[in-house]
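Below you'll find only one chain, the form predicted alone, shown as C-alpha cells.
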Amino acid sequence: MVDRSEERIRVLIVDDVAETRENLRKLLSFDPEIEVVATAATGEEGVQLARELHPHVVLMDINLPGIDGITATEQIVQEVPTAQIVILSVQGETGYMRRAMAAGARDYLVKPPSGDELINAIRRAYEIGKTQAARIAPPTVAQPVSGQPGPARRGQLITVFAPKGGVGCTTVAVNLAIALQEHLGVSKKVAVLDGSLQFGDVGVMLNLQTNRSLADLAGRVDELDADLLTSVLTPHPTGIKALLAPPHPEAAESLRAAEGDEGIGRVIRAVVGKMLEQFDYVVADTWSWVDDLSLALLDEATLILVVLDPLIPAVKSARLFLDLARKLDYPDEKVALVINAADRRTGLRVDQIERALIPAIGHIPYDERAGFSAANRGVPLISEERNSAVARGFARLAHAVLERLEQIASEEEEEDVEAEVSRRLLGRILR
C-alpha cells in the first residue's frame, strides 16, 4: 500500500503554449511535494497521458487544438475518475466557469494564477481525490480501552461546513446551537464542537475565557470517558457546552503529533461518539478543507449543513462539495444548504442559487452592523438582538433542522422495520 504521508502529488499539465507549460513546470518544481509527471499540447494527448499515468491532478487549459479543455475534462473524468481537474483559462467569465464545473472540473483559475493560488488549488484537488480513495475502506471507529461496547449512541451530530471560507460558517454553527437549546429547553442537552484545530473561533464568538480544549486530549483518546470529556467542556450562559479548539496553533499541532495525521480522524470519531452519549445534539464547526479531521465530522454527521453566501465563488465551491458528497455516497437528505446574508443586494438571488444547487433549509438575512458587533463583543447574534430578522432567521433554521432530523430518523426506522420483516419472512421460508 502506498504511504500517503510520503506520496508526492502527481500533476499533468495540458496547454497548447510551450512557454506556459514550461513556466508551470518550473513553478511547481519549487514545491518538493509536487511532481510534474508529463505535459501535453493537445486535448487528445492530455486524455491519453491521463489514461497511461493516472495523475492525481490535471492542469487543463480550455482553448486547445483538437478537442477543447472542457471536452477533454469530461473524457478524463469518465475514464480516469481518480484524476482531479483544475481548469486554467484566460477567460474569467462565469459562463466558462459553469461549463467547467458541469464537465467535472474541481477548480477554475484565471491565467496567470499566482504561485500560492495554483499550489493551493492543486492541494485542494488532491485532498478531495484522496478522500474518495479513503472511502473504499470502511472507517475505523475507536473502541473503549476495556474492549467492552460503550453505551448506545443517542445524540445526533450536525456538521456545519463551508467549502469557501469567509461566509459565516462559525456564526451559523454557534447561533444554531443556541437556537436549538432555546427551542428544546432544559430537557435536552446541546453542545458545540470546534473542529477548526489551528484557528478555531467558537471560543471568540461565545466570549469563553478558558484554556480547556481538544488539546487536553492529546495522547489520551484510549482513556476517554465521560469524566475526561466533561473536564474539557466549557459551559456557556445560554445552556450549551463547548468543546473548543486549542488556544494556539502550536497546541493544535501537539494534538496531531500525539496521534499522527491519520490518527486525528480516529480521535475526532472517538470524541464525537462520547459526546453523543451525553448530548442530544452536537453542532460541529469545521474549516474549509476536506482532510481526515473534517471528513470524520462529515461521515459521522446525521445532517451536514453547507453554508454559502450569495456570491459566485461560494456557489461554485458549494456545487463542488455537493458533487463530492454524492461521490462519497452521502444520502441526499443528509446534506442541506444554508444561505447566509441571503438578502444581500450585491449578490445572487436565493431562487437563482437554489436552481443552480438544491433548495436551502435556511435563509439568514444580511445584517453587517449586527454581525460585526456580535463578533467583536463575543455575544451571539441570536442573543444580541433577539427580535431582529437575523435572530428570527436562526430560530427558523433550528426548527427546520429538527424537522429534517425527524424525517431522517423516520426513514431509518422504516428501513429497519422493512429489514426485520424481510428477515422474519426469510426465516419462515427456510424452516
Ligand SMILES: Nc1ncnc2c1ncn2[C@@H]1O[C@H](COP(=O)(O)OP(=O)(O)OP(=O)(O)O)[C@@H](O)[C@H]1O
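A residue's number is simply how far along the shown sequence it sits, counting from 1. What you are looking at is a predicted structure, and each value in this text was computed from that prediction instead of being measured.
What comes next is about the form predicted together with this ligand, which is not displayed.
Tell me the stretch among 399 to 407, 41 to 49, 25 to 33, 367 to 375 that has any heavy atom within 4.5 angstroms of this ligand in the predicted bound form. Contact criterion met by 367 to 375 only.
So which of Asn340, Thr302, Ser213, Ser317 reaches within 4.5 angstroms of this ligand in the predicted bound form, heavy atom to heavy atom? The residue from Asn340, Thr302, Ser213, Ser317 that makes the contact is Asn340.
Contact assignment for this ligand in the predicted bound form, among Met205, Ile264, Met101, Ala125, heavy atom within 4.5 Å: The option sitting close enough to the partner is Met205.
Does at least one non-hydrogen atom of Ser288 fall within 4.5 angstroms of this ligand in the predicted bound form? Answer yes; at least one heavy atom of Ser288 falls within 4.5 Å of this ligand in the predicted bound form.
May I ask you to state whether Glu354 is within 4.5 Å of this ligand in the predicted bound form, using heavy atom distances? No.
Looking at the partner-bound form in the predicted bound form, is Cys169 within 4.5 Å of this ligand by any heavy atom? Although this ligand is absent here, Cys169 would touch it in the predicted bound form, with heavy atoms inside 4.5 Å.
Wondering, does Gly115 line up within 4.5 Å of this ligand in the predicted bound form on heavy atoms? No, Gly115 is distant from the partner.
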